[in-house]
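Only one chain is shown below, in structure tokens, and it's the form predicted alone.
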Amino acid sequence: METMTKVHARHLVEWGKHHPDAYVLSADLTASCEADGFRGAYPERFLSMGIAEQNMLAFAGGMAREGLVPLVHTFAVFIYRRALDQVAMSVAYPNLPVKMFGFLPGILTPGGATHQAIEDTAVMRALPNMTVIEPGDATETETALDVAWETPGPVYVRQLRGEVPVLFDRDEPMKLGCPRGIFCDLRGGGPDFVLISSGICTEEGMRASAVLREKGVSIFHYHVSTLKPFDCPEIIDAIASSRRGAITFENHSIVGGLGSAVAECMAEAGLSKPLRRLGIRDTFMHGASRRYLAHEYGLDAMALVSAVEKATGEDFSIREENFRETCTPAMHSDAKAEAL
């Protein structure tokens, strides 16, 4: 598996050359959120706001009113939990172009419940004027900044950092509102299942669905990077043609995230197909490694296999060794400032 390191950090510095009205704001987590390179290259456009996220978001709203474009960098939990009122009233309500990069969504931190953003998509989706995007690999991590910049109004990004796998063609960047059809073979008619995944769960979905196809299970797999606005007729049409319905797979609570977005669209389209939601099941998580948390809370390839086995009533005798190798970054490495 090919990986890239500090993708956002490198792109941010190069990108900054051509966007003189962009400012990076940090809440004392500069290196942790890959903004230290920008600070070194453009110190006059870097603002360290200290551990005061509420003030930082209100300040960002003021900057946007003056014609500047602030790029807020901090851990995801400190955007939507700590500063929600400021995000709502100072950014979303006036529909200002504040671009928020929230790092360490879901199981990507061993920091436990205080640092794990497990309901951020649900909260930010509920805010009027807010766009929510989530990269799934290095290609999208690199281009999420471009998408956020080109999108009017406020944008929230569930950003990846450190070592990130390359899953998609480097010549096919993220596009707002455009899901990726990873495996959609229309020659054989409708599939058994339609798998819709986001973020890091897309790689796990690719690992599992490849093995399941070898067992005779037909799966169409779509990767979704735009969580709001979510309007994907192609996916709904595929679900309508499926024999056993849809499965959503996300590094987020099953309440209010990708699973809910798909359910809403299915209901509005009048689809009566089954929907199975894989994700964090209405619980807080404890602190541990990403690999452990993925297994413990059902966010790995085996969780998808188990869901398909339960739906079909079959035992495919699939084990961990049947999956291809995956990108599992070390908890501590030179690719990130600290494990948290």
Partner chain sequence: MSKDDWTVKVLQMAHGIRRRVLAHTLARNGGYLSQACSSAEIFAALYGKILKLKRLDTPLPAGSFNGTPGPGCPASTGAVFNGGGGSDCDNFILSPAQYALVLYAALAEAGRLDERSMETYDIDGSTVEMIGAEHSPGMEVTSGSLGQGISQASGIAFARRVKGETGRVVLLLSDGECQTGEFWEALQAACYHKLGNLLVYVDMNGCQCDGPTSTVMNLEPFDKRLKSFGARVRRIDGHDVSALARCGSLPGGDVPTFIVCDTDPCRDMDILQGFRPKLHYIRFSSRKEKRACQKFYDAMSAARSPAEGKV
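Keep in mind it's a predicted model, so treat the numbers as computed, not measured. Numbering follows the first chain given and starts at 1.
Only in words, not in the display: the form predicted together with its partner chain, which the text now covers.
Contact with its partner chain, judged by heavy atoms within 4.5 Å in the model of the complex, is confined among 307-315, 66-74, 277-285, 291-299 to 66-74. For the chain shown alone, N129 is a contact residue for its partner chain in the model of the complex, at least one non-hydrogen atom being within 4.5 angstroms.
Its partner chain is not shown here, but in the model of the complex it comes within 4.5 Å of a heavy atom of P94. For the chain shown alone, M49 is a contact residue for its partner chain in the model of the complex, at least one non-hydrogen atom being within 4.5 angstroms. Of the heavy atoms in M89, some are within 4.5 Å of its partner chain in the model of the complex. Checking D85, E150, D169, E264 for any heavy atom within 4.5 Å of its partner chain in the model of the complex turns up a single hit: D85.
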